[in-house]
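In structure tokens, the next block holds one chain alone, the form predicted on its own.
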């Protein structure tokens, strides 16, 4: 057996476990899609293949309008809109605050700069369940229950985002800022015209992470939102599950609609995602 043949065999043997793992991980997704395009049923399907003779997209239409038949104006479309508003505000506001904080910690000299850098990083070690009650009490005292402020404001800044931007800005040559200062640029002009345009990998990475995290939130909205008209899409999916029965066709169609925006975001940002993570890990 020559070297080329042995290398091909070795590669095949290494890829077999990866292929098996991929099939196992994709099986629930395939089942969800096949159930979504099959007639609605109160019984879970026992196969990954759809009902080829009765393929339908009606589940998506009914899921989008569900449960308007029982509650006027309350549909999956409303939950979808609430989640879009929350996610867009968290992503845009989070990128602004994280990048500005990371830039200040990385470039500006002030007492406690190193301490604040480590303090932002240390927040990654604190579980959400530790801060959930204090955040809830603050939101309640501010009168923000059942509002977008309760969904958005506590999530605007993140320790991971500040750390990644800080690491990135520290890797940028200081000569770029010095040249801009010689031209009379202010700190804000340097930040928005020099630093932000060269931070696309980090921005793409944080956009993906923040969009995925905020879109998939369930526990925090469950704590601060009691008004059904303010439900997010993750809360809205629970309407398809009753105490006695579950409408699996509607449920799977709703879940498919729920993951489509995240898929679009990831496909748009995938060129920056890996590069951003790598760039943020080069220098700490």
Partner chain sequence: MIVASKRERFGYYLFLLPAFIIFGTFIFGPMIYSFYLSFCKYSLVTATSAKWIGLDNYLNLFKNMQFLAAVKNTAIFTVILVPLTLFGGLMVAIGINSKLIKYKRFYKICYYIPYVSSMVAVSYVFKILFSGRPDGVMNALLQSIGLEPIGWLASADWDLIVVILLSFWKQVGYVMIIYLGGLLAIPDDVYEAVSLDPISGTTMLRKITLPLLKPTTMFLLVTEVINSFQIFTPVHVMTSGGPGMATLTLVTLLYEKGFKNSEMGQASAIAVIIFVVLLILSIIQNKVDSKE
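Values in this document were obtained by computation on a predicted structure and should not be read as measured data. Positions refer to the first chain, counted from 1.
Omitted here: the form predicted in complex with its partner chain. The next part is about that form.
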### Message
I'd like to know if residue 77 sits close to its partner chain in the model of the complex, meaning any non-hydrogen atom pair within 4.5 angstroms.
### Response
no
### Query
With the partner left out of view, is residue 64 within 4.5 angstroms of its partner chain in the model of the complex by any non-hydrogen atom?
no
### Query
Given that the partner is absent here, does residue 164 sit within 4.5 Å of its partner chain in the model of the complex, heavy atoms only?
no
### Message
Contact with its partner chain in the model of the complex for residue 248, defined as at least one heavy atom pair within 4.5 Å: yes or no?
### Response
yes
### Message
To verify the annotation, which of these, 158, 207, 82, 214, has a non-hydrogen atom within 4.5 Å of its partner chain in the model of the complex?
### Response
158
### Residues of stretch 117 to 149 in contact with its partner chain in the model of the complex (4.5 Å, non-hydrogen atom)
119, 120, 122, 123, 125, 126, 127, 128, 129, 130, 131, 132, 133, 134, 135, 136, 137, 138, 139, 140, 144
